[in-house]
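Next up is one chain by itself, shown in structure tokens, the form predicted alone.
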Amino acid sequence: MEPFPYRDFELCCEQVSLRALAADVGTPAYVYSKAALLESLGAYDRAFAEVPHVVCYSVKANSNLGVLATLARAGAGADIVSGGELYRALRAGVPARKIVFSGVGKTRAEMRAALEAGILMVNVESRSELRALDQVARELGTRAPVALRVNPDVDPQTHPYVATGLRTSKFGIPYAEALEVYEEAAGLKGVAVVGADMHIGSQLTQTAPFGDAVARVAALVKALRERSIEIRLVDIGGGLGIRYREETPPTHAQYARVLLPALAELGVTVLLEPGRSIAGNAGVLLTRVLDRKDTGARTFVVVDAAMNDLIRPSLYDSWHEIRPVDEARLGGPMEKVDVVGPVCESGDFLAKDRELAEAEEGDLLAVMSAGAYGFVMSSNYNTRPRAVEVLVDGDRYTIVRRRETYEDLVAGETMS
């Protein structure tokens, strides 16, 4: 399914014209396809059908309540990394028994809230966190269901900012120390050891790193069982990449085919934490051309979306395809341009040295593959209101987050 086709010479989201949408809600706007979200979620369920599993959508990729509720109604759980994401997941209708709490630096208040909610599992990142969680659980008169996040020291072959499974990473417990820490956990009165966890990175486009990491975790589970520490949940993380440009990531089925033999042998319930691969290509950032500027050295297309709306190009030097909403532009002249925003930074760009169909003032452009790590990483830099978010379902759409107002931007501030 193509969630963003051209229909009657206009780029659409499902059956909704992006030109008509922009006329109603304005720009910049994040636009998400409900069908695309559900298709990717369903692809995971089909791929892992032969083992008990829960798809715990990674909330950090796109935490809009409309997106979360859509996935929750389709059976998804949630992978969270903060108390705020716990609040969002529960409010969106994700059952607590399908929530796993990951991430470095959980506060005691966040631990308490997670245990009081009755979540499925806490992925523990260090010995000190394990001991703090034990204390919190005992204070509440309960036992915390835990997995240790084990760092398998596998090179994910991805951008260093999103690699999480190497020894140099801040994440996880070193593989060599895992047995010892598990034995300590098994002796704590406020802890119930139920699982093992790994996550090696994001935007992975090869299956080999996943296979290597799961093999190491499977060996650990067997060693734990020899020590009478029974593991019934194995969290294999997320990280499956998407196509931004010329990448050829594995399909959900290919990904599962590499991992299932080792997982099926363990007889565990498999937890998955996909984020980008569910939301990434389900969304675009819709923006309007404000101006053109030719300095003699470069041609700039100035749009109303900026680095505060989509920071990935500035932060990661990432590449997003940019399509004209008017299909007729594709038959016209091409030009090499920088697509830039109004923010007062030289690093404010959405594309550099890009060969694009010639765009004029007032044209609408769609920045593709912006459904993950787009709005969630946006800010109010330069006192810019954050974009509106829209969820499309067939020929209908809903504003799932209104555009901020100037009054919103100063709410909570005072003048002494």
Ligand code: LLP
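None of these values were measured; they are calculated from a predicted model. Residues carry their position along the shown sequence, with the first being 1.
This protein has a second form, the form predicted in complex with this ligand, left out of what is shown; the following refers to that one.
Student: Evaluate residue 79 for contact with this ligand in the model of the complex, applying a 4.5 angstroms cut-off between non-hydrogen atoms, and reply yes or no.
Tutor: Residue 79: contacts this ligand in the model of the complex.
Student: Tell me, yes or no, whether residue 48 is in contact with this ligand in the model of the complex, where a contact means a heavy atom of each within 4.5 Å.
Tutor: So residue 48 does not count as contacting this ligand.
Student: Heavy atom to heavy atom, is residue 373 within 4.5 Å of this ligand in the model of the complex?
Tutor: Result yes; residue 373 sits at the interface with this ligand in the model of the complex.
Student: Answer with yes or no whether residue 102 is in contact with this ligand in the model of the complex, where contact means some heavy atom within 4.5 Å.
Tutor: Within the cut-off, so yes.
Student: For the chain shown here without its partner, which stretch in 137 to 145, 271 to 279, 177 to 185, 335 to 343 has non-hydrogen atoms within 4.5 angstroms of this ligand in the model of the complex?
Tutor: Among the candidates, contact is made by 271 to 279.
Student: Of 323, 312, 98, 292, which residue is found within 4.5 angstroms of this ligand in the model of the complex when only non-hydrogen atoms are counted?
Tutor: For this set of options, the contacting one is 312.
Student: May I ask you to list the residues of 231 to 248 that have any heavy atom within 4.5 angstroms of this ligand in the model of the complex, in sequence order?
Tutor: Read in sequence order, the residues that approach this ligand (within 4.5 Å, in the model of the complex) are 238, 239, 240.
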